[in-house]
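Have a look below at one chain only, the form predicted alone, in structure tokens format.
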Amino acid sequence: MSNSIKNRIKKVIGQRVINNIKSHPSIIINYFNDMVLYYKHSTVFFQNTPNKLECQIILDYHSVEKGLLFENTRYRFARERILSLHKNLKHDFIISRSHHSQIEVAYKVMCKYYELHQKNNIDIEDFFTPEQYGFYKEVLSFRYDSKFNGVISHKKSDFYKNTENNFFQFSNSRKSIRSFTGELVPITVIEEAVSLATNTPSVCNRQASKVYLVNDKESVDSILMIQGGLSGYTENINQLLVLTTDRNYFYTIGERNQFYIDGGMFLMNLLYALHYKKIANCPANWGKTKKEEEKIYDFVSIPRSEKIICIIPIGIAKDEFRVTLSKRRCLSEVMVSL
């Protein structure tokens, strides 16, 4: 490494940091290994395996599902997603996996999309032809279902009827809700839910997670704009939670990613607690870069030691609303017996 590069690194991170890293060289090795594995196996750089293509297919079809939620459908929506699905659903090895849960539902969502536009006399032949629709039905064969709908309709009274039942019924009843009334959830009820979530196990009981409640509408809108995944649903979102995990509570190189694990466990428990308290919620993905994370600090006073795990819009559900199907994988796709 040239002296000029060394001097630049020293200027950016400081000599003390360099000395500490020298005394723990394995941190560089492990983070570099993380980077190489992510480079090789994620879909960021290559879509060269069936699983990577399936990842893109899921991203695209779920986006179409969310578009189907709108009560006043914006026809011809998600055009770029549809084009991406056309490209990936024609691959031979995707067709050969059409019986897999996520691939099958992608073909079904495409059929639903086409039929929705046909039913309402909306021309989409410039990006979705009758021949493509026929091909998807042919691939599905006997699995094609004319009654398939990419969304599920609920009445609020029915949606929460299993919150006091056994865990099987309770867990299966939780869904992400995007249709809020705009009414504020009482602070005391939110506190009860967060308190319940503190039952979450954590590494060596360190309990490094923290929840920030944002009530200011202007800040809520700004944060959701940065997050970017709830476009079209933000008007009645007046509260949200920001879940973080504090790096101060992790002490070995091997724990470099443990805060994601502990934070993810806390998140699931928090979502269950919110559902139990009948607080509508929708966990919004925070797979963002340093650039977006820095913007959040303008609206929420979060110490830099804490990593944002998830943004969770909360509210009161409308009396009637729809949720995405979000098809679950079959057990055979998830569990491996050795």
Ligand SMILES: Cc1cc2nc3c(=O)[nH]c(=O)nc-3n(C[C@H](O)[C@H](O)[C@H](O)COP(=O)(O)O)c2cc1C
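Predicted, not measured: the structure shown is a model, and the values here were computed from it. Note that residue numbering follows the sequence shown and begins at 1.
One more form of this protein, predicted in complex with the named molecule, exists but is not displayed; see below.
- Contact check at 4.5 Å (heavy atoms) against the named molecule in the predicted complex: none of L196, T200 and K277 pass.
- The contact residue chosen from I190, L267, I223, I237 relative to the named molecule in the predicted complex is L267, the criterion being a non-hydrogen atom within 4.5 angstroms.
- The partner is absent here; in the predicted complex, the one residue of R97, K112, R81, K175 having a heavy atom within 4.5 Å of the named molecule is K175.
- With the partner left out here, the named molecule still marks one of 179 to 187, 205 to 213, 227 to 235, 124 to 132 in the predicted complex; by a 4.5 Å heavy atom cut-off that stretch is 227 to 235.
- Although the partner is absent from this view, H24 stays clear of the named molecule in the predicted complex, with no non-hydrogen atom inside 4.5 angstroms.
- Contact between P283 and the named molecule in the predicted complex is found at the 4.5 Å heavy atom cutoff.
- Though the partner is left out of this view, L68 does not reach within 4.5 Å of the named molecule in the predicted complex, counting heavy atoms only.
- The shortest heavy atom separation between C310 and the named molecule in the predicted complex is within 4.5 Å.
- Looking at 312 to 338, the residues that come within 4.5 Å of the named molecule in the predicted complex, counting any heavy atom, are T324, S326, R328.
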